[in-house]
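Here we start with a single chain on its own, the form predicted alone, put down as structure tokens.
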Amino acid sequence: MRRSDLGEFEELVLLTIATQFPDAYSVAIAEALEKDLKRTITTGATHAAMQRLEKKGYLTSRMGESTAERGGRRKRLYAVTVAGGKILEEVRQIRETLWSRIAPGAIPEIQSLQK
């Protein structure tokens, strides 16, 4: 298995950005993560992850147009780069390979855990 420099939270941020393309911006990304993960996600934590991802070359950003909705302020819009897409695909393949190797009964079913 190849070692990835992509953390779990960074992976989730990248995936969320991909799902929101081309309108992914920090507040919307944090809100989507909070909804999907069912836990509090601050905009600051999301922003820090995006800065790391941009530094690693997995993410790019640009300033969008100003909108009346935001009082004339512009949003910074994020997009996954080719390198970001490649690392996501590598992580996906690793996870799928591991899931395919799990023997039947190795993971208790959720219903049996609730009893």
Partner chain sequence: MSKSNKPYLPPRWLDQILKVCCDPDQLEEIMGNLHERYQLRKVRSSNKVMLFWFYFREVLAYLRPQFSRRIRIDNPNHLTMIERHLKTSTRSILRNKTLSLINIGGLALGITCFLCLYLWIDAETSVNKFHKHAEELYTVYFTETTPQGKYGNYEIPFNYVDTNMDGSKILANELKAQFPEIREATTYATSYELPWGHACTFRLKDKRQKFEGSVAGPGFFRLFSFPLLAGDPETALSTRSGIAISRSMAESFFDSHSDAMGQTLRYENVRDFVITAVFEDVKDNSSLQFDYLINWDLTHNDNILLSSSGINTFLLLEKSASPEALQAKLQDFLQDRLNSWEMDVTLGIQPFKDQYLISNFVEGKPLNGRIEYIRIFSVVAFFILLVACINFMNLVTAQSIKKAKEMSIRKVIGSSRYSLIMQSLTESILMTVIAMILALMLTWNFQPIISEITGKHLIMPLHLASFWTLILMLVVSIGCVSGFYPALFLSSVKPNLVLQRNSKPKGKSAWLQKGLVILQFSISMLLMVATIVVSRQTHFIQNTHLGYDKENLIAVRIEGKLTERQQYLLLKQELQQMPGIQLVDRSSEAPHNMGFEMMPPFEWQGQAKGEGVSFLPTSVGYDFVEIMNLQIKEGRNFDRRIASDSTAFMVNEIALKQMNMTDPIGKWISAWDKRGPIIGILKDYHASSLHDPIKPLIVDVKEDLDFGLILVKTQPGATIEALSSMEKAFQEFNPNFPLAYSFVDDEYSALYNSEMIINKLSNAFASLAMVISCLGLLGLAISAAASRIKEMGIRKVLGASVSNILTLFSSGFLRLIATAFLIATPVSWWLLNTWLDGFAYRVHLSWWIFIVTGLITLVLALLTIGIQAMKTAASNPVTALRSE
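Numbering follows the first chain given and starts at 1. As the structure is a computational prediction, the values presented were derived from the model and not from experiment.
Absent from the display: the form predicted together with the partner chain. The rest refers to it.
Taking non-hydrogen atoms only, residue 78 approaches the partner chain to within 4.5 angstroms in the predicted bound form. Using a 4.5 Å cutoff between non-hydrogen atoms, residue 59 does not count as a contact of the partner chain in the predicted bound form. Contact check for residue 36: no non-hydrogen atom falls within 4.5 Å of the partner chain in the predicted bound form. For the chain shown alone, residue 27 is a contact residue for the partner chain in the predicted bound form, at least one non-hydrogen atom being within 4.5 angstroms.
With respect to the partner chain in the predicted bound form, the three residues 19, 92 and 95 uniformly fall beyond 4.5 angstroms at the level of their nearest heavy atom. In the predicted bound form, the partner chain lies within 4.5 angstroms of at least one heavy atom of each of the following residues of 53 to 87: 69, 70, 73, 74, 76, 78, in sequence order.
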